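Starting off, we have a lone chain in the form predicted on its own, written out as C-alpha coordinates.
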Amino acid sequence: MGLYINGACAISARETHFGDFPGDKGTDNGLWLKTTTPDFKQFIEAKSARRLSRIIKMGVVSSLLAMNEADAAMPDAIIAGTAYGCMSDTKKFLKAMIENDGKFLNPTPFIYSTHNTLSSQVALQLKCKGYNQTYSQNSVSFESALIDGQMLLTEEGFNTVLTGGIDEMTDNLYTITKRLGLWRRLGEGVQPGEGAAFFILESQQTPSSLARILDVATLHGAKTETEIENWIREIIRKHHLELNSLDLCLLGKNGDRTYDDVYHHLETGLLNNSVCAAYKHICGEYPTSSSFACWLAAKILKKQIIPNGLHQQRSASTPINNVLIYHQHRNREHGLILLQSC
(Lines give C-alpha, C1' and ligand atoms only; values in the text may rest on other atoms or scores of the structure.)
Protein backbone atom coordinates (compact mmCIF):
# COMPACT_ATOMS: atom_id res chain seq x y z
CA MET A 1 0.00 0.00 0.00
CA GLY A 2 1.21 3.48 -0.83
CA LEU A 3 1.05 6.52 1.43
CA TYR A 4 0.70 9.71 -0.58
CA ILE A 5 0.73 13.36 0.38
CA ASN A 6 -2.07 14.70 -1.82
CA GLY A 7 -2.27 18.15 -0.26
CA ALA A 8 -0.14 20.16 2.14
CA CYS A 9 0.13 23.57 3.75
CA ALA A 10 2.77 25.07 6.03
CA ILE A 11 2.41 28.27 8.02
CA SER A 12 5.89 29.48 8.89
CA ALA A 13 7.97 32.61 9.32
CA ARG A 14 8.53 32.83 5.55
CA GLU A 15 5.05 33.22 3.98
CA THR A 16 4.76 29.63 2.81
CA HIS A 17 1.02 29.22 3.47
CA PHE A 18 -0.03 29.54 -0.17
CA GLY A 19 2.46 26.91 -1.34
CA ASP A 20 5.40 29.10 -2.30
CA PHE A 21 8.97 28.19 -1.40
CA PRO A 22 10.37 30.15 1.58
CA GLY A 23 11.42 33.69 0.72
CA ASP A 24 14.68 35.30 1.73
CA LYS A 25 13.23 37.27 4.61
CA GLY A 26 11.20 36.01 7.54
CA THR A 27 9.44 37.42 10.58
CA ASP A 28 11.83 37.85 13.50
CA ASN A 29 10.71 39.53 16.73
CA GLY A 30 14.27 39.51 18.09
CA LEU A 31 13.75 36.42 20.26
CA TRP A 32 12.17 33.84 17.95
CA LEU A 33 11.00 33.39 14.38
CA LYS A 34 7.29 34.21 14.46
CA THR A 35 4.87 32.83 11.90
CA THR A 36 3.68 35.00 9.05
CA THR A 37 -0.01 34.17 8.86
CA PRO A 38 -2.67 34.73 6.22
CA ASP A 39 -5.78 36.79 6.93
CA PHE A 40 -7.67 34.36 9.15
CA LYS A 41 -10.98 36.13 8.51
CA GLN A 42 -10.88 34.91 4.91
CA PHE A 43 -11.16 31.34 6.16
CA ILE A 44 -12.84 31.44 9.57
CA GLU A 45 -16.15 33.05 10.48
CA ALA A 46 -15.51 36.33 12.31
CA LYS A 47 -17.41 35.19 15.41
CA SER A 48 -15.26 32.06 15.71
CA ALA A 49 -12.05 33.88 14.87
CA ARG A 50 -12.50 36.26 17.79
CA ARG A 51 -12.67 33.49 20.39
CA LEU A 52 -9.99 31.20 18.94
CA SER A 53 -6.34 31.67 19.87
CA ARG A 54 -3.71 32.21 17.20
CA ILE A 55 -2.38 28.64 17.29
CA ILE A 56 -5.85 27.16 16.80
CA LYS A 57 -6.46 29.49 13.87
CA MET A 58 -3.13 28.43 12.35
CA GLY A 59 -4.17 24.79 12.66
CA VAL A 60 -7.60 25.37 11.15
CA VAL A 61 -6.38 27.46 8.22
CA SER A 62 -3.42 25.21 7.35
CA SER A 63 -5.83 22.24 7.39
CA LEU A 64 -8.29 24.02 5.10
CA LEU A 65 -5.55 25.00 2.65
CA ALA A 66 -4.17 21.44 2.60
CA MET A 67 -7.67 20.13 1.87
CA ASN A 68 -8.13 22.69 -0.90
CA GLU A 69 -4.89 21.61 -2.55
CA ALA A 70 -5.97 17.97 -2.44
CA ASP A 71 -9.55 18.81 -3.44
CA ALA A 72 -10.65 16.79 -0.41
CA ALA A 73 -14.19 17.29 0.87
CA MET A 74 -14.05 15.70 4.33
CA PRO A 75 -11.30 13.67 6.02
CA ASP A 76 -12.11 10.36 7.66
CA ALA A 77 -9.73 11.16 10.50
CA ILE A 78 -7.89 14.14 11.99
CA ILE A 79 -4.57 13.61 13.78
CA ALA A 80 -2.37 16.33 15.27
CA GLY A 81 1.08 16.26 16.78
CA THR A 82 2.05 18.96 19.27
CA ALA A 83 4.51 19.11 22.14
CA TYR A 84 3.45 22.36 23.80
CA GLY A 85 -0.25 22.54 22.97
CA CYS A 86 -2.07 25.85 23.29
CA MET A 87 0.33 27.84 25.43
CA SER A 88 -1.41 31.21 25.14
CA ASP A 89 -4.67 29.69 26.45
CA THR A 90 -2.76 27.90 29.20
CA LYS A 91 -1.34 31.26 30.25
CA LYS A 92 -4.83 32.82 30.38
CA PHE A 93 -6.14 30.02 32.56
CA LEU A 94 -3.20 30.05 34.99
CA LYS A 95 -3.25 33.83 35.24
CA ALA A 96 -6.96 33.84 36.06
CA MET A 97 -6.44 31.11 38.65
CA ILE A 98 -3.78 33.16 40.43
CA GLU A 99 -5.64 36.46 40.23
CA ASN A 100 -8.95 34.94 41.43
CA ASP A 101 -7.35 32.71 44.05
CA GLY A 102 -8.74 29.65 42.31
CA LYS A 103 -12.38 30.82 42.58
CA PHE A 104 -15.08 31.66 40.01
CA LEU A 105 -12.94 30.63 37.08
CA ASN A 106 -14.10 30.78 33.48
CA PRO A 107 -13.76 27.19 32.19
CA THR A 108 -13.23 28.24 28.56
CA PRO A 109 -9.47 29.01 28.80
CA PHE A 110 -8.91 25.65 30.52
CA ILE A 111 -10.84 23.78 27.83
CA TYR A 112 -8.84 25.54 25.11
CA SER A 113 -5.53 24.96 26.91
CA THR A 114 -5.49 21.18 26.54
CA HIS A 115 -3.35 19.60 23.82
CA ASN A 116 -6.25 17.92 22.02
CA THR A 117 -7.99 21.27 21.54
CA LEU A 118 -6.13 21.69 18.24
CA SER A 119 -7.45 18.60 16.48
CA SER A 120 -10.85 19.05 18.13
CA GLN A 121 -11.26 22.62 16.91
CA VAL A 122 -10.22 21.61 13.39
CA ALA A 123 -12.91 18.92 13.54
CA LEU A 124 -15.52 21.40 14.79
CA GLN A 125 -14.70 23.86 12.02
CA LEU A 126 -14.92 21.10 9.38
CA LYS A 127 -17.89 19.38 11.06
CA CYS A 128 -15.89 16.16 10.96
CA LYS A 129 -17.21 13.48 13.33
CA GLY A 130 -14.60 10.85 12.56
CA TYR A 131 -11.52 9.57 14.37
CA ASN A 132 -9.72 12.36 16.24
CA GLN A 133 -6.37 12.01 17.98
CA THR A 134 -3.53 14.13 19.33
CA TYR A 135 0.03 12.97 19.99
CA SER A 136 2.33 14.78 22.39
CA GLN A 137 5.70 13.03 22.29
CA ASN A 138 7.99 16.06 22.44
CA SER A 139 10.16 16.30 19.30
CA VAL A 140 8.67 13.18 17.66
CA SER A 141 5.04 14.24 18.09
CA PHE A 142 4.64 14.80 14.34
CA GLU A 143 6.23 11.46 13.45
CA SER A 144 3.85 9.74 15.91
CA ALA A 145 0.89 11.40 14.20
CA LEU A 146 2.18 10.29 10.78
CA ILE A 147 2.60 6.70 11.95
CA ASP A 148 -0.97 6.65 13.25
CA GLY A 149 -2.23 8.04 9.94
CA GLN A 150 -0.25 5.41 8.08
CA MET A 151 -1.83 2.64 10.14
CA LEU A 152 -5.34 4.03 9.78
CA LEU A 153 -5.12 3.97 6.00
CA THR A 154 -4.58 0.21 6.11
CA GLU A 155 -7.97 -0.21 7.82
CA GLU A 156 -11.31 -0.41 6.07
CA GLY A 157 -13.29 2.82 6.10
CA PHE A 158 -10.31 5.18 6.13
CA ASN A 159 -9.45 6.76 2.80
CA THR A 160 -8.41 10.31 3.68
CA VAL A 161 -6.48 11.32 6.79
CA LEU A 162 -5.69 14.91 7.76
CA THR A 163 -2.57 15.03 9.91
CA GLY A 164 -0.02 17.63 10.91
CA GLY A 165 2.37 19.12 13.43
CA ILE A 166 1.93 22.43 15.22
CA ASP A 167 3.54 24.36 18.06
CA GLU A 168 3.59 27.99 19.11
CA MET A 169 6.05 30.15 21.01
CA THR A 170 4.95 32.74 23.57
CA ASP A 171 6.75 35.21 25.82
CA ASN A 172 6.23 33.02 28.87
CA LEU A 173 7.26 29.81 27.12
CA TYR A 174 10.39 31.46 25.78
CA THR A 175 11.33 32.70 29.27
CA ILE A 176 10.72 29.29 30.85
CA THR A 177 12.53 27.25 28.20
CA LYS A 178 15.47 29.64 28.23
CA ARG A 179 15.64 29.36 32.02
CA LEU A 180 15.67 25.58 31.64
CA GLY A 181 18.70 25.88 29.35
CA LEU A 182 16.98 24.97 26.10
CA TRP A 183 18.49 27.89 24.21
CA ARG A 184 21.69 28.24 26.23
CA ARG A 185 24.00 26.77 23.60
CA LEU A 186 22.44 28.49 20.61
CA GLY A 187 25.26 30.86 19.73
CA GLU A 188 25.04 31.97 16.13
CA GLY A 189 22.67 29.16 15.27
CA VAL A 190 18.96 29.06 14.63
CA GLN A 191 16.53 30.95 16.81
CA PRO A 192 13.51 29.34 18.44
CA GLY A 193 10.49 29.27 16.21
CA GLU A 194 6.92 28.11 15.73
CA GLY A 195 4.75 26.82 12.92
CA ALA A 196 1.96 24.63 11.61
CA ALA A 197 2.01 22.14 8.74
CA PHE A 198 -0.89 19.88 7.80
CA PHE A 199 -1.17 17.17 5.16
CA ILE A 200 -3.84 15.18 3.38
CA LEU A 201 -2.70 11.55 3.41
CA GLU A 202 -4.30 8.99 1.12
CA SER A 203 -3.43 5.50 -0.06
CA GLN A 204 -4.07 6.34 -3.71
CA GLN A 205 -2.02 8.62 -5.94
CA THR A 206 -3.91 11.53 -7.54
CA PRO A 207 -2.96 14.32 -9.99
CA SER A 208 -2.34 16.59 -6.98
CA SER A 209 0.03 14.15 -5.23
CA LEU A 210 3.18 15.86 -3.99
CA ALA A 211 5.17 12.87 -2.78
CA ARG A 212 4.99 9.35 -1.46
CA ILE A 213 5.99 8.62 2.14
CA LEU A 214 8.00 5.41 2.17
CA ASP A 215 8.69 5.26 5.89
CA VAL A 216 8.35 7.06 9.21
CA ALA A 217 10.37 5.94 12.21
CA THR A 218 11.38 7.07 15.68
CA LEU A 219 14.25 6.06 17.95
CA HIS A 220 14.39 6.80 21.67
CA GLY A 221 17.23 7.08 24.14
CA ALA A 222 20.78 8.38 23.79
CA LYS A 223 22.47 6.57 20.92
CA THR A 224 26.01 6.27 19.68
CA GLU A 225 26.87 7.48 16.19
CA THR A 226 27.19 3.85 15.07
CA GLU A 227 23.71 2.98 16.37
CA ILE A 228 22.19 5.94 14.52
CA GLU A 229 24.00 5.01 11.31
CA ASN A 230 22.85 1.40 11.54
CA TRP A 231 19.26 2.51 12.17
CA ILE A 232 19.23 4.75 9.09
CA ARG A 233 20.99 2.13 6.96
CA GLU A 234 18.44 -0.53 7.93
CA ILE A 235 15.48 1.68 6.97
CA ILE A 236 17.04 2.54 3.61
CA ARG A 237 17.70 -1.14 2.85
CA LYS A 238 14.16 -2.10 3.86
CA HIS A 239 12.91 -0.20 0.82
CA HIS A 240 15.52 -1.73 -1.49
CA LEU A 241 17.39 1.56 -1.84
CA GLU A 242 21.08 2.36 -1.70
CA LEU A 243 22.57 5.20 0.31
CA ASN A 244 23.74 6.91 -2.88
CA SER A 245 20.12 6.97 -4.09
CA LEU A 246 19.30 9.62 -1.48
CA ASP A 247 19.25 12.76 -3.60
CA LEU A 248 18.68 15.13 -0.67
CA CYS A 249 18.96 14.80 3.10
CA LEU A 250 17.27 17.46 5.24
CA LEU A 251 18.98 17.49 8.62
CA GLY A 252 17.71 19.19 11.76
CA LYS A 253 20.84 21.19 12.60
CA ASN A 254 19.96 24.01 14.99
CA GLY A 255 23.26 25.63 15.95
CA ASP A 256 23.79 23.70 19.18
CA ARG A 257 27.40 22.59 18.70
CA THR A 258 27.15 19.81 21.26
CA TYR A 259 24.42 17.93 19.42
CA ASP A 260 25.00 19.17 15.87
CA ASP A 261 28.03 16.88 15.89
CA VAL A 262 25.57 14.02 15.27
CA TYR A 263 24.65 15.61 11.92
CA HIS A 264 28.24 16.48 11.08
CA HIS A 265 29.22 12.85 11.58
CA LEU A 266 26.49 11.73 9.14
CA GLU A 267 27.38 14.41 6.57
CA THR A 268 31.00 13.34 6.48
CA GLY A 269 30.31 9.62 6.82
CA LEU A 270 27.16 7.69 6.01
CA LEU A 271 25.55 10.46 3.92
CA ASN A 272 28.68 11.92 2.32
CA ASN A 273 27.50 10.95 -1.19
CA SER A 274 24.17 12.76 -0.76
CA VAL A 275 23.38 16.46 -0.83
CA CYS A 276 22.79 17.44 2.81
CA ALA A 277 20.92 20.61 3.71
CA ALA A 278 19.47 22.37 6.76
CA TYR A 279 15.98 23.74 7.34
CA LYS A 280 15.68 25.01 10.92
CA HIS A 281 17.29 28.36 10.09
CA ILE A 282 14.15 28.97 7.98
CA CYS A 283 11.39 27.89 10.38
CA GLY A 284 13.18 28.07 13.72
CA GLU A 285 13.61 25.39 16.36
CA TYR A 286 10.42 23.93 17.81
CA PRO A 287 9.40 20.35 18.65
CA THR A 288 7.30 19.68 15.54
CA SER A 289 9.52 21.54 13.06
CA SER A 290 10.00 18.25 11.18
CA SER A 291 6.47 18.86 9.85
CA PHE A 292 7.84 21.94 8.08
CA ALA A 293 10.70 19.81 6.73
CA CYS A 294 8.15 17.28 5.46
CA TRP A 295 6.21 20.04 3.69
CA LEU A 296 9.46 21.38 2.21
CA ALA A 297 10.56 17.93 1.02
CA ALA A 298 7.17 17.24 -0.57
CA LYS A 299 7.29 20.56 -2.46
CA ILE A 300 10.85 19.87 -3.62
CA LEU A 301 9.86 16.44 -4.94
CA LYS A 302 6.82 17.88 -6.72
CA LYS A 303 8.58 20.88 -8.27
CA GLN A 304 11.95 19.15 -8.75
CA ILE A 305 13.67 22.29 -7.48
CA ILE A 306 15.73 22.86 -4.33
CA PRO A 307 15.13 26.46 -3.22
CA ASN A 308 17.97 28.79 -2.38
CA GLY A 309 19.00 29.23 1.22
CA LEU A 310 19.01 25.65 2.50
CA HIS A 311 22.74 25.82 3.26
CA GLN A 312 23.51 22.72 1.21
CA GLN A 313 27.18 22.08 0.46
CA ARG A 314 26.60 21.47 -3.24
CA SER A 315 23.86 21.51 -5.84
CA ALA A 316 21.70 18.44 -6.29
CA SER A 317 21.35 16.81 -9.66
CA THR A 318 17.92 16.18 -11.13
CA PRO A 319 15.71 14.25 -11.07
CA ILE A 320 15.23 14.37 -7.31
CA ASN A 321 13.66 11.02 -6.43
CA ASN A 322 14.38 10.33 -2.76
CA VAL A 323 14.55 12.70 0.21
CA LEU A 324 15.50 11.74 3.76
CA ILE A 325 14.53 13.88 6.77
CA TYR A 326 16.42 13.19 10.00
CA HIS A 327 16.41 15.17 13.23
CA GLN A 328 17.16 14.54 16.89
CA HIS A 329 16.62 16.37 20.17
CA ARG A 330 19.66 16.32 22.43
CA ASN A 331 20.35 12.76 21.27
CA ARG A 332 17.31 11.55 23.23
CA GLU A 333 14.62 11.46 20.53
CA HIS A 334 15.31 10.72 16.88
CA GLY A 335 12.85 11.07 14.01
CA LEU A 336 13.16 9.94 10.39
CA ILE A 337 10.89 10.41 7.37
CA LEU A 338 11.73 8.94 3.97
CA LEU A 339 9.91 10.41 0.95
CA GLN A 340 9.93 9.55 -2.73
CA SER A 341 8.74 11.29 -5.88
CA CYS A 342 5.58 9.98 -7.48
Partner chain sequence: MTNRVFVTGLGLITAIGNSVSETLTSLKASESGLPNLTPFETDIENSPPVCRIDLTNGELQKRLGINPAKEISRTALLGLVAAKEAVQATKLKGNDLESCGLISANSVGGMDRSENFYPEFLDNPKKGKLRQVIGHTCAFSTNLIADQLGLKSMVTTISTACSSSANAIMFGSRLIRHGKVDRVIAGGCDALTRFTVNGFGALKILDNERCKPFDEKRAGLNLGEGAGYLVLESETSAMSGNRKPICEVTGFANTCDAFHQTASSPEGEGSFLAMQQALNMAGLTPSNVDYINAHGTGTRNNDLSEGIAISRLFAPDHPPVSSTKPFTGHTLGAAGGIEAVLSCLSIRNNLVYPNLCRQHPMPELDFEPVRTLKSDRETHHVVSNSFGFGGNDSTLVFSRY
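Numbering follows the first chain given and starts at 1. This is a predicted model, so every value here is computed, not measured.
The following text describes the form predicted together with its partner chain, which does not appear among the structures shown.
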item: Sole residue of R233, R257, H240, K95 within 4.5 Å of its partner chain in the predicted complex, by heavy atom; value: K95
item: Sole residue of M87, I213, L248, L251 within 4.5 Å of its partner chain in the predicted complex, by heavy atom; value: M87
item: Stretch in contact, per heavy atom within 4.5 angstroms of its partner chain in the predicted complex, of 202 to 210, 240 to 248, 263 to 271, 97 to 105; value: 97 to 105
item: Heavy atom distance at most 4.5 Å to its partner chain in the predicted complex, all of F40, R54 and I325; value: no
item: Partner contact for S120 in the predicted complex: its partner chain, 4.5 angstroms, heavy atom; value: yes
item: Close approach of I176 to its partner chain in the predicted complex, 4.5 Å, heavy atom; value: yes
item: Exercise: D71 in contact with its partner chain in the predicted complex, heavy atom 4.5 Å; value: no
item: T226, heavy atom within 4.5 angstroms of its partner chain in the predicted complex; value: no
item: Heavy atom within 4.5 Å of its partner chain in the predicted complex - qualifying residues of 314 to 337; value: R332, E333
